[in-house]
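We begin with a single chain expressed as structure tokens, specifically the form predicted on its own.
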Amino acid sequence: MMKEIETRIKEVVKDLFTQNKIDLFIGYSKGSLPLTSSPCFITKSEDIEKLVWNSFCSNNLAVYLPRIFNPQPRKKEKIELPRIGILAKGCDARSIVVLIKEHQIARDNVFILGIVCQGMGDRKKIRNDIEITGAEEKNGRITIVDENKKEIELKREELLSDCCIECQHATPPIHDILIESGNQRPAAPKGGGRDFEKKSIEDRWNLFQEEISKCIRCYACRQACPNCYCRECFADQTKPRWIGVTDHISDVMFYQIGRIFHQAGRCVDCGACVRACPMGIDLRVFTHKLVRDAKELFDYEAGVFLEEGLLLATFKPEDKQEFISEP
């Protein structure tokens, strides 16, 4: 099924260039390692064959859109906006909705090729004592080849990312063309990830400190997140200087708390921050708590409805307010 989808993607992108509807298409190409993919930027139809689709096209491609539409200003002259085509899974498309509502990208200049996602794999779920030298995906199974040329067969479902296991929106909420992907995977049961909330306040704080103490301030989480599009992050500002630039635990915690709360009502739970972290910090434990709070307190899910106002920019008389007086 993956090959059929890949062929369909190439056909649509070829038509877009032939009809002169886009200047650039953002998709995926083969990664440098087995079971990986890389973001791919196509500017001419001759390069369309580079595009791939498989269970490891996990990058949230929406991260590149603000950088294209809002480049660093060099001249005061008016810049003509490019016409961008982009391949979007459910979470990518939700990020695009957030970016549109926050006026970071122009909807009319983005052609969204939506794809019903069956969930993306997490390479880290394969035993770390296996050196993968080759891999093949077929009929819902993934066969990997180790350094001894031994074949190991795994079920695709066994390798799904945690965020994909709990995904509620496999179908992109916004698209210009939608590609189906066979039998749609049913939405996961709601209420996942409750272990953190069951802990006491003290245990939550201890867990936060334990996880965040691994941080080396490389900012990979910030770079991978579509919502972190500020031209100057608060962590880099010198006037005023919010935090120090050291890896002292107080500076690290201040940065991570600021970044995490910046995602309130905006995070689509795509897992980009977790995948990007070289230290294996499970940032999703904390961002997903905000996702659940937005839903339970305000019945709000980021990026689901384009017409709906932003959570932190909208007030309703019936909104719960206990969190103000009884945090």
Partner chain sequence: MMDKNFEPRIVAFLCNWCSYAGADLAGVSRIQYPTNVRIIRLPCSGRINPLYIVKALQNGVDGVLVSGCHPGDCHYISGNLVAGRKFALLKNFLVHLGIEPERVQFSWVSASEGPRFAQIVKKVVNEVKEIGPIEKMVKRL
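Residue numbers count along the first chain shown, from 1. Values in this document were obtained by computation on a predicted structure and should not be read as measured data.
Keep in mind that the form predicted in complex with the partner chain is not shown, yet the notes after this line are about it.
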Examine K21 and determine whether its closest non-hydrogen atom to the partner chain in the model of the complex is within 4.5 angstroms. no
Would S250 count as a contact of the partner chain in the model of the complex, using a 4.5 angstroms cut-off between non-hydrogen atoms? yes
The partner chain contact at E210 in the model of the complex, heavy atom, 4.5 Å: no
Partner contact for T143 in the model of the complex: the partner chain, 4.5 angstroms, heavy atom: no
At 4.5 Å by heavy atoms, is each residue in P34, F56 and D108 next to the partner chain in the model of the complex? no
Answer range among 242-250, 159-167, 86-94, 116-124 for contact with the partner chain, defined in the model of the complex as heavy atoms within 4.5 Å: 242-250
What residues, if any, in 83-99 have a non-hydrogen atom within 4.5 angstroms of the partner chain in the model of the complex? none
